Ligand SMILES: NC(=O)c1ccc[n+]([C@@H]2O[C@H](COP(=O)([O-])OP(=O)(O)OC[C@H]3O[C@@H](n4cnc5c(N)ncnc54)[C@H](OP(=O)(O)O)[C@@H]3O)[C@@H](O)[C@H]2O)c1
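First, one chain by itself: the form predicted alone, in structure tokens.
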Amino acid sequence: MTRVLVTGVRGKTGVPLAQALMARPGVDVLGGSSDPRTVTLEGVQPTALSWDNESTWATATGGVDAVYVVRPDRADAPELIDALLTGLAAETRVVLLSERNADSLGPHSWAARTEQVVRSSGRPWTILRPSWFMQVLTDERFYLGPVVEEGELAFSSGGASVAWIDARDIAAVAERALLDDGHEGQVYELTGPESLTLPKVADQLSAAVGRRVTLRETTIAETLEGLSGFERDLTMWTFERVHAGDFAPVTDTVEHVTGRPAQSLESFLTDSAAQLKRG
């Protein structure tokens, strides 16, 4: 039996990843959460794992063969992940969910340091660098929802395109990196099959739901309103990279790793039309 710990198991990639892992024979999935009572995925073992409580780490990671690490978006993420990995067996595979072009601010930036602790951990590792998740357009818990109810897509792009990716495609790559050989030491830049301007995204949203969704191009300053501290710094850095075109290039990595093409935003929105209309 292969034991895999999925941190952030209730998140955008955690849910489809846990489901994909459960579909593989001989895999035992531990769902890490600060409140394991909220882990209700069938077949997944609820597991206490809180970044704020180091005493939960040893039990959560004990005896696991692979760990999916969803990077916590907080200033001490490099130190937290470093400490977590130190407690793993030397042969434990580590797959880190990072983000597109994470080293754009240089080797001493927060995101680059987070990746570096994984690279230097002494464990076999794979780093995933996905573009912007399609799910933020359909799930009201996240930044852009609910766009259909408001009839407006508010986004600060600076006119740049974004190569959106379905979180389920990220999960499919993660599943293979966690269970299959040949992914050690790889940094995977993950995108969907095309790069779209935000007016085009608004058009595709409109077509999917049958009502007009208009783009309201915002400034980075507007996006930062109400934010402070590390959250403000991280948001500013992210949107500066959007404006610089860092999220625009398209890769075929999903197809290379999984053997099937990544889902397009148009097909994702068509499949999600009923959910969007309910919103």
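Because the structure is predicted, anything quoted here is derived from the model rather than measured. Heads up: residue numbers just count along the shown sequence, starting at 1.
What follows is about the form predicted together with the named molecule, which we do not show.
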task: Select from the listed residues D103, D82, E189, D73 the one whose heavy atoms reach within 4.5 Å of the named molecule in the predicted bound form.
output: D73
Among the candidates V136, V209, A160, A154, the residue which, in the predicted bound form, approaches the named molecule to within 4.5 Å (heavy atoms): V136
- line: With a 4.5 Å heavy atom cut-off to the named molecule in the predicted bound form, the contacting stretch among 216-224, 59-67, 249-257, 28-36 is 28-36
message: Can you tell me whether P16 touches the named molecule? I mean in the predicted bound form, with a 4.5 angstroms heavy atom cut-off.
response: no
- request: Flag S131 as yes or no: does it have a non-hydrogen atom within 4.5 angstroms of any non-hydrogen atom of the named molecule in the predicted bound form?
  value: yes
message: Within 4.5 Å, heavy atoms only: does V44 come near the named molecule in the predicted bound form?
response: no
- prompt: Looking in the predicted bound form, any heavy atom of V242 within 4.5 Å of the named molecule?
  reply: no
- request: Just give me the residues of 90-106, first to last, that have a heavy atom within 4.5 Å of the named molecule in the predicted bound form.
  value: L97, S98, E99
